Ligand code: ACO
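Shown here is one chain on its own, the form predicted alone, set out as structure tokens.
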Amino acid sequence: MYTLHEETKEITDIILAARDKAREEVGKSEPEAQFAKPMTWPVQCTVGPGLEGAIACESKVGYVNGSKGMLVYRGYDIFDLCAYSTFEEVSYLLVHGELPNTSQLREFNCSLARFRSLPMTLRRLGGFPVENINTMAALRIGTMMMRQRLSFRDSQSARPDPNTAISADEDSIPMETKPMGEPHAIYEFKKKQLERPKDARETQDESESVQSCMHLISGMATIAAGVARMREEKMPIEPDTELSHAANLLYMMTGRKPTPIEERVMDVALILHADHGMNASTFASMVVASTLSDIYFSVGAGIAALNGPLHGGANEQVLRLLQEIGPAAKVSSWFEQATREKRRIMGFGHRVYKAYDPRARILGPLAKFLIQEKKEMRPLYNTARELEKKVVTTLGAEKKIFPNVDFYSGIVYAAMGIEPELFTPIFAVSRVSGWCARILEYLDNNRIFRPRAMYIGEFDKEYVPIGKRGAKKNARKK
């Protein structure tokens, strides 16, 4: 089993150089006091549209310091994890809360290897016209097929008992309808609320356990690779038990065992995308989980959210943008026109980061390293570098806009021969470990998400029978 990095020391050196440069530029990465402390509920905070700035829960899984360009998983700096760890070890860390020892990692890897084979799930997925379906839609279908195959939650006896669960708001009525109840909200939380039914087979999981997480972390890679093969009208490839998670992903996609460099770069990419705070897909998965739906449905919600072009898929658009610009010599004129048109430049800026995204600090040099052997990729990379210089020296200085994770990740994947339509499924293959970790953590003190909307509509309108209503414009355009 691949665990060490002796064969790819140059990749380790690239990551450590990126770490040193980051620390030199931003100094010591201290956590922001207002976002790194225990909460006393209810909490007061400034909330913008889309719940921007809202505090929904406490978490020990991961932390993003946007002002310093800092990303932490369970207390460990992302640079150190990419330099020294593996995706399997990082997944264990996210789900279990601590780095594994040798025997724990061996057992975890064996479980992932055992769960990686999904012949029945892929056979069922093959009954759909996968070649004509959005890749993320196909991934979501495959995940639901895996759920049906592996979970006992479809049996009536496995449904959570609503009488023992906490509903939406009964213990916080004072927050909603004053002056009823207590003068202040009294919050109640309950631990696990699902018992394993006696008729469940041993091979079936609870859909909210660590085993469920391992099924999803392992199985989604197999499904994504199967989707890649089916889109080319090829048969899916069975995983190789001797290969790592990253190597198996590439092998099952291409039919070719990757080189140590390709394996390591994919492993680093998976680590970089594993978790990133309360982003849209993570929030979507947690909202579904909070209803006591199961983890497969919850992850399905994460896949659906990640499919949106404002979340996943930006690296696809970056490649198209670079191709549109053409040679590096045309960057300056293109940028001036784009600035005049107030055009958004894909791959730059981030909702959280007001410093250089640490993930981009790693992926940029990795892209440069990979294109040394890919002469056909050099013009694209040169255009990317010239565009980065232009944006950083202008928008970076003025508005703190820098490259984000998507700017170079597409070049990295393309250099390894991966089609753009598969970039977002690979994102999901990585992020599922973060989704699972945060779902399990939230379920320990579960409370259904229930924000409010401010009503700005009319009141006291008189109902008019349909025969007396005149022609009106539709409220929404077609």
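We number the residues from 1 along the sequence you see. This structure is a prediction, so every number in the text was calculated from the model and none was measured.
The same protein has a further form, the form predicted together with this ligand, not shown here; the description that follows concerns it.
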| item | value |
| --- | --- |
| Heavy atom within 4.5 Å of this ligand in the model of the complex - residue from 328, 83, 214, 401 | 401 |
| Listed residue that, although this ligand is not shown, lies within 4.5 Å of it in the model of the complex (heavy atoms), from 261, 395, 278, 371 | 395 |
| This ligand contact in the model of the complex: residue 309, any heavy atom under 4.5 Å | yes |
| Touches this ligand in the model of the complex: residue 406 (any heavy atom, 4.5 Å) | yes |
| Touches this ligand in the model of the complex: residue 347 (any heavy atom, 4.5 Å) | yes |
| Exercise: residue 423 in contact with this ligand in the model of the complex, heavy atom 4.5 Å | no |
| Proximity to this ligand in the model of the complex (heavy atom, within 4.5 Å), stretch among 102 to 110, 120 to 128, 242 to 250, 309 to 317 | 309 to 317 |
| Non-hydrogen atom within 4.5 angstroms of this ligand in the model of the complex for each of 343, 351 and 427 | yes |
